[in-house]
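Listed next as structure tokens is one chain, alone, in the form predicted alone.
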């Protein structure tokens, strides 16, 4: 049974523990969000500039790199948060027995889980901030509206951190994470409106794309960074909030079943 009444600001101590540990490797970890947008812009800008004249999106025409660039931030949020609460959390839980040690303290299981999700969202937001800055310098993010990408990234990080920790609670071994990555993450990466508008999909496929949380994150980031979106920002906001709450509760339940014997 989930004990929400045990959650207090003590979860911040677990968050701080993860931050202190991360400080030893942050320089290496931030190379990816620093260089990735430049590599994507260079590759797609050169590769598609002679093939795609413009992308028709939300009643306006954009160059392909303009259309794609904001979506790179949303994808980075998804990957950073999801991989943090799957592989990294699994290692802390199963191999390092870090969670067992924490449970021997006054910390509750719920506080540990909430801290893991909030930490993953923090890491994802930091990556988004770096990518937003790089893309802004390259002229692919409009400011000051683009600054709203940061709270959007935090919400997206909570959503993907929560669903990642849910999978950690139900996945028997670290090798089995290949299944949610292949069946859940990869389809979202390809069909959430990241590389082409969802409106270009066949009518039967659009509802499936609209059901993906990444689609709503992409739409919000694109709306703030590009000034255009096809899906209502309020709808996307409501979707991500509900998704975060539902999978946070699911993660709490799954991790309690796994850790509390």
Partner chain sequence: MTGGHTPRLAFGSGNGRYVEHIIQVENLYKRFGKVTAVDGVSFSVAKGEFFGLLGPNGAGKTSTIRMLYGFSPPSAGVIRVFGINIEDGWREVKARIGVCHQENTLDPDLSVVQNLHIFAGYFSVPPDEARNRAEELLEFFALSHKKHAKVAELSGGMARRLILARALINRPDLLVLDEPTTGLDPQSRHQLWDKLDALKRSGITVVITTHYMEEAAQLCDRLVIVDHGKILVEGSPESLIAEHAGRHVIEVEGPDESLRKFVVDRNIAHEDLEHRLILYTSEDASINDTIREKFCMDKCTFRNGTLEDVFLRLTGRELRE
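Numbering follows the first chain given and starts at 1. Just so it is clear, the model here is predicted, and its values are computed rather than measured.
Just so you know, the form predicted together with the partner chain exists too; it's not on screen, but the next bit is about it.
**Student:** Quick check for you: of 118 to 126, 183 to 191, 103 to 111, 132 to 140, which stretch puts a non-hydrogen atom within 4.5 Å of the partner chain in the predicted complex?
**Tutor:** Within 4.5 Å of the partner lies stretch 103 to 111.
**Student:** Could you confirm whether residue 171 comes within 4.5 Å of the partner chain in the predicted complex, counting heavy atoms only?
**Tutor:** Residue 171 lies outside the contact set for the partner chain.
**Student:** Mark residue 96 yes when one of its heavy atoms lies within 4.5 Å of a heavy atom of the partner chain in the predicted complex, and no otherwise.
**Tutor:** Residue-level check for residue 96: yes, a contact with the partner chain.
**Student:** Within 4.5 Å, heavy atoms only: does residue 241 come near the partner chain in the predicted complex?
**Tutor:** No, residue 241 is distant from the partner.
**Student:** Just checking whether residue 259 would be counted as a contact of the partner chain in the predicted complex - the rule being heavy atoms within 4.5 angstroms.
**Tutor:** Although the partner chain is absent here, residue 259 would touch it in the predicted complex, with heavy atoms inside 4.5 Å.
**Student:** Taking heavy atoms and a 4.5 Å limit, what residues of 128 to 161 are near the partner chain in the predicted complex?
**Tutor:** If the 4.5 Å heavy-atom criterion is applied to the partner chain in the predicted complex, 128 to 161 yields nothing.
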